[in-house]
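Take a look at the structure tokens below, where one protein chain is shown in two forms, each on its own, as structure 1 and structure 2.
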Structure 1
């Protein structure tokens, strides 16, 4: 299709020359080139998203319009608020730890001689490359109640066994740990690239002014990396907040509902319990929170951009 557009464009381009027409033609061609993208977004993303809103206003058997009945129903349930809280704790904690670990490890990698960096970077990025569902399986086996390899070490060190996925607190910890494990390398790579783009002279200048390591990080590194930190946090928040694979494979939401997040609960309610409208309602709650995060961070970036 691209070729057809190209050749017809070429044919027409050779004909007329009026500036106005060229502009008009240029925008037509541009529109045609973006058309597949537009169609895809409208048919497979925008329409189903709107349809989800419609579904969320139907009754369970999808025969009657109930307006905000499903929302009303959810708001009255303790489980729902528990899941709101968990989704937030889960996303916020995981993103913070990913960012911190990524930042710290990026500094270590940046500290060592350049020729060794490639090797370390290669090893440290592995968790990001393995498909999440598969690496989570190995965590599941590491956490197994009867065969936990961690507990084996603990017992040999004289420490008590931990029921990694069995107690609400530990299960939340485990889910966050796996999420950090998978996501931290992404931050590491981003920050490493950003560190390299900070001009060495700035550090030298700071050193001459007698800045401590902390001042150098606070006044040189962080401001220089501000954009990239914002961008990575935005991305990671989105991915973490909508996460399904890890919780699904690791705990399936248990024990009780202690590790359910919006995505897994929507799946449980909508598909497994056959209440499609309620499932759609639950999943809709992911949108506003993400939208807030996005506008907040995007605005921040453009503000910073205009200051510079």
Structure 2
């Protein structure tokens, strides 16, 4: 009897020791701490994504399984490929301009004395902090065909009025302009933080070697900021591709379908036209495009990390 009790106590002690060892592992602790976030991501992202995939395989009345019929239907429509092209042009152009403007302005702000940087950072972040729909309404007034502030200035300068939202080319330009105005401060604050982390000794060494301003930017600043630049561009590309409020408020996809992107056209097809499965199908086409972009960017980051 004593041997049985002793062996039972030893087993419990061994179990507690094993559990203690497991809990001491950093990977286990990290997983347990991240578990609430993992569950939240599953509830808010994985489940809706899975449900969207299921919806895309149903007919318009959602009573019959049609497989890839909705995809085949979209592939045969010229309007769909127009939306794909417009979405890519909109996202790529807006991200490039946001990255360039953010990089340039971040350097100007970084060169301002520390005491004066706070107010400049606060003022330059205003476009990004204000809700996009609200600021887009202000831009809508600026582009108004009858009372446009821009056209008022053009008239006083002897220039012709521009139909900002009535012509396809100018409507696309207007949508990209508003997106750049709202999104550039995000690049600014990210790049400014990256610039603060670049050791000053590197610039001093480059100056001693006779490097010009442009050479210091190219051979010191950019290599030290490449990872931050890549992550910022990836995040902005995802957000820009999924943009809805700017296009919806400013042009509602018009004139005709000239400014529609994936999100607005999915809303028009799925909600306004009552074909929810087809709308879900449209929205799913963002996934492969963003997956390819994320793969290239993240692979480049991991490659540079392994080289370091």
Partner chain sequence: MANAAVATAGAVRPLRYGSISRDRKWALRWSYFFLTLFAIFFLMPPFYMLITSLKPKEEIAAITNPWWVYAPTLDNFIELLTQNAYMTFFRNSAIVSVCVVIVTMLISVIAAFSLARMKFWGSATLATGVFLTYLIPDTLLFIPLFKMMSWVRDTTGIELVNHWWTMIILYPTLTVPFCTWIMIGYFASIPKELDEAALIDGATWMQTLTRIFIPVALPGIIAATIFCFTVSWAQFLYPLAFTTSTTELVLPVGIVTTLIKGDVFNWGQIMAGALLGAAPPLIIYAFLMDYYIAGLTAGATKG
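Numbering follows the first chain given and starts at 1. Rigid core: the largest C-alpha set superposing within 1.5 Å between the two forms. Bear in mind that the values here come from a model prediction, so they are computed numbers and not experimental data.
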(message) I need to confirm something. Of structure 1 and structure 2, which is the form predicted together with its partner chain?
(response) 1
(message) After a rigid core superposition, would you say the CA of residue 244 moves by 2 angstroms or more between structure 1 and structure 2, or not?
(response) no
(message) Would residue 274 count as moving between structure 1 and structure 2, using a Cα shift of 2 angstroms or more after superposing the core as the test?
(response) no
(message) If the core is used for the superposition, what shift in Å does the C-alpha of residue 33 show between structure 1 and structure 2?
(response) 5.9
